[in-house]
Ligand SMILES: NC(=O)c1ccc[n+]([C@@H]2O[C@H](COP(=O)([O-])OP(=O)(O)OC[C@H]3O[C@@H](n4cnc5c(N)ncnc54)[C@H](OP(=O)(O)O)[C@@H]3O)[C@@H](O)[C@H]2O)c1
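As structure tokens, one chain now follows by itself in the form predicted alone.
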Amino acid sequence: MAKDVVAILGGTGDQGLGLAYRFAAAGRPVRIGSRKEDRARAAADQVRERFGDADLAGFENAEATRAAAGGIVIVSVPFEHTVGTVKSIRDALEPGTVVVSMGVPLATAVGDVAARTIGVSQGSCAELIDSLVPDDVPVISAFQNVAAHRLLALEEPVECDVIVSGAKAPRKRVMDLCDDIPGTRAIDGGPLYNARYVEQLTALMIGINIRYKLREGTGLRITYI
């Protein structure tokens, strides 16, 4: 069965690039998006150096979204760039495409520390994105708590559960992505409004990383499932 094409918008940042490496290693078609096409192409070339036979390409964000039509588009940008990024790709989103929100409204967006969040009137970054995309494009929340350093350590499994929230059918498609990342496990997080709790956990985990001086990042495990 063919795997969904994945476009990673913000795929030149550490977390997005880490996902690109992991998906490419698993044989999944990957389209890396950036505000600047040359940066996206450079990131794709970087991943291709490691996995020469990977199905990879780099595009400006809207073109990366079109290249993943009917597949999965992951928004991996800082919170302050979320609205601008989603508005820039709105017309490129086709029915059947699933948008994944990795964003967290960290207080760094207003010059405060990363261990706190700021309020979002919609309730969460994921629900904010949901308010901006076409009605026939579902939004799923996932991957907020997977540390970039762990993703980029390609020889090691990523020991972290991934809580996935949103509508049932697209939620299952996103949960299947975890099969491509050794060590991760998808946890059914239910409706999209639960994203607000997961996003808050991210700020808590960042604070733990700071206090324990864990540059590589902590991971989240849900026990007894």
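Residues carry their position along the shown sequence, with the first being 1. Since the structure is predicted, the reported quantities are computational estimates derived from the model, not experimental observations.
Beyond the structure shown, there is the form predicted together with this ligand, which is absent from this document and is the topic of what follows.
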item	value
Triple contact flag R39, F79 and V104 to this ligand in the predicted complex, non-hydrogen atom at 4.5 angstroms	yes
is_contact(S165, this ligand) in the predicted complex, heavy atom dist at most 4.5 Å	no
Contact of I72 with this ligand in the predicted complex (heavy atom, 4.5 Å)	no
Partner contact for V146 in the predicted complex: this ligand, 4.5 angstroms, heavy atom	yes
4.5 Å heavy atom contact, T117 to this ligand in the predicted complex	no
The single option of R35, R173, R185, R48 touching this ligand in the predicted complex, heavy atom within 4.5 Å	R35
Partner-facing stretch of 109-117, 133-141, 147-155, 92-100, counted where any non-hydrogen atom is within 4.5 angstroms of this ligand in the predicted complex	147-155
Residues in 4-25 with any heavy atom within 4.5 Å of this ligand in the predicted complex	G10, T12, G13, D14, Q15, G16
